[in-house]
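Listed next as structure tokens is one chain, alone, in the form predicted alone.
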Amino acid sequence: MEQDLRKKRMWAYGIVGFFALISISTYSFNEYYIYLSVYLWFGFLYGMCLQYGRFCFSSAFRDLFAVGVPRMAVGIMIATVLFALVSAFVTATGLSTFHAAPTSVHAVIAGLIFGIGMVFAGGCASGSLYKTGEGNGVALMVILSISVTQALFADVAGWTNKLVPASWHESALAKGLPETINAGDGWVDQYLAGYVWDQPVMTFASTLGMSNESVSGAFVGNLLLGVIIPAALLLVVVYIGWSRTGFLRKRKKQQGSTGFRDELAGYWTMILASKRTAIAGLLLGIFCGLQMLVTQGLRVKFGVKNAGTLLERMGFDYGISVNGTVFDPGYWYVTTQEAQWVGWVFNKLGADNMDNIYFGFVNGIPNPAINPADWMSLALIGGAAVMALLHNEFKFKKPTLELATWAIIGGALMGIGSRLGLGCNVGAFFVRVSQGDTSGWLFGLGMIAGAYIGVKFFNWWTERRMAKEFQACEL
């Protein structure tokens, strides 16, 4: 046993050494690589935090709706508040790299599809990444399914154009996009340019007439009104629905009666039960905030607004969008870079997928070897692996045919939901809510509803299968 633990520690140190070697060697070649290394090391830290806190939205909602355990759901909500607190400081400095998303019912629908998918898959987008770092083969299949689906869905056209409302088509053409971008051809392109881009972009601060960068806007509008109060109310709902009865029953046995002070004690006990996830969330918030500051500082230092310019300076102009950009959020994000991996492969195999908005106009498909966000996701897997190895939690898990099937189906639904919502459980909910973006809560509400539907479906499916097995045994 001791020898096995020693071997796992050596693997963990080897992963850290490998990433250090990449950072040092690439920087010695060109100082611009430090920009990519920032993504790498923050991704590494995210992976360690996720693995430590078992930070998975799918597990949170599955535990809540299937077995009535609110610990993970409460922990994620607390983590969102803590992240928002750090984000408020960063925003008030004027160095935030965050951009709010359009707000409309599309976010709810996207969240619904994503929520169903993550329950089917057994892991959300970020959760599947860190579980891949633990050696989970099912999680890897989920990531592959999400990635392939996004790459295909972003470029879908043909018969799907018949489903596009005329108003979307006309609005997309009216945007005057470059000739290389077929805005009038392709369902997703017309959905984006003809519908989503026409929706209002709002934060809680802006709806109150405050500037996001002002102290009042960052702390009162976005933090207090946009995160703390809604989160506290949501936690009250969770307490009443899942924790209150059991806690008060124990209190009544101990002291004979209960009152309002016991209600407060029960609420606080529920929150403290999620300590490990909350700690992980606080660290995620600190690291996300620091990444914004460091990334923006490097942009100022190098005189750029996007990593696409740096890649062009280094001679890597292949896969850059028509705007000279690549996906470069400046903070923690999941799913877009995974879609870029597959999009790049498809393009190398002969697919003409740079004529759409997603790849050709906004994100590009640079070589994964020099794509900043790609470095972040790969390092996230590595960080999770290091944490799992150090705590003896790493183990290769081969997927069964049934689990693989659900992984592919769930991953596909998450991929579609991510493209419709312009992000996943991280980019469309966790990050947006913490920044006071109103669309984040809409995606979250849809995701919760989708998770509930997914759990109910699985309960029905399991009962149906067990009934068939019992019937077969009787025969």
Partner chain sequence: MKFEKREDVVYVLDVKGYVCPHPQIYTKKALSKVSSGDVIEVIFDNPSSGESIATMCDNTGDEIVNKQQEGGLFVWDIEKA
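Source: prediction; values computed, not measured. Residue numbers count along the first chain shown, from 1. The term rigid core refers to the most C-alpha atoms you can superpose between the two forms while keeping them within 1.5 Å.
Another form exists, predicted in complex with the partner chain; not displayed. Remarks below refer to it.
*Asks:* So the partner chain isn't shown here. In the predicted complex, which residue out of 333, 327, 168, 242 has a non-hydrogen atom within 4.5 Å of it?
*Replies:* Only one option qualifies, and that one is 242.
*Asks:* Residues 131, 459 and 465 are flagged as a possible site; in the predicted complex, is every one of them within 4.5 Å of the partner chain by some non-hydrogen atom?
*Replies:* Every residue of the spot touches the partner chain in the predicted complex.
*Asks:* Which one of these stretches, 24 to 32, 61 to 69, 431 to 439, 408 to 416, sits within 4.5 Å of the partner chain in the predicted complex when only heavy atoms are counted?
*Replies:* That would be stretch 61 to 69.
*Asks:* Do residue 122 and the partner chain share at least one heavy atom pair within 4.5 Å in the predicted complex?
*Replies:* Residue 122: yes, in contact with the partner chain in the predicted complex.
*Asks:* Using 4.5 Å between non-hydrogen atoms, is residue 210 touching the partner chain in the predicted complex?
*Replies:* Judged by the heavy-atom cut-off of 4.5 Å, residue 210 is well away from the partner chain in the predicted complex.
*Asks:* Heavy atoms within 4.5 Å of the partner chain in the predicted complex: does residue 397 have any?
*Replies:* Result yes; residue 397 sits at the interface with the partner chain in the predicted complex.
*Asks:* Though only this chain appears here, would residue 180 touch the partner chain in the predicted complex if you measure heavy atom gaps against 4.5 Å?
*Replies:* Heavy-atom contact with the partner chain at 4.5 Å: absent for residue 180.
*Asks:* Since the partner is left out here, which residues of 275 to 301 would have a heavy atom within 4.5 Å of the partner chain in the predicted complex?
*Replies:* Residue within 4.5 Å: 276 only.
*Asks:* Honestly, after the rigid core fit, is residue 456 moving at least 2 Å at Cα between this form and the one not shown?
*Replies:* It does not, since the residue 456 C-alpha is displaced less than 2 Å between this form and the one not shown after the core fit.
*Asks:* On a rigid core superposition, would residue 466 pass a 2 Å threshold for CA movement between this form and the one not shown?
*Replies:* Yes: residue 466 shifts by at least 2 Å between this form and the one not shown.
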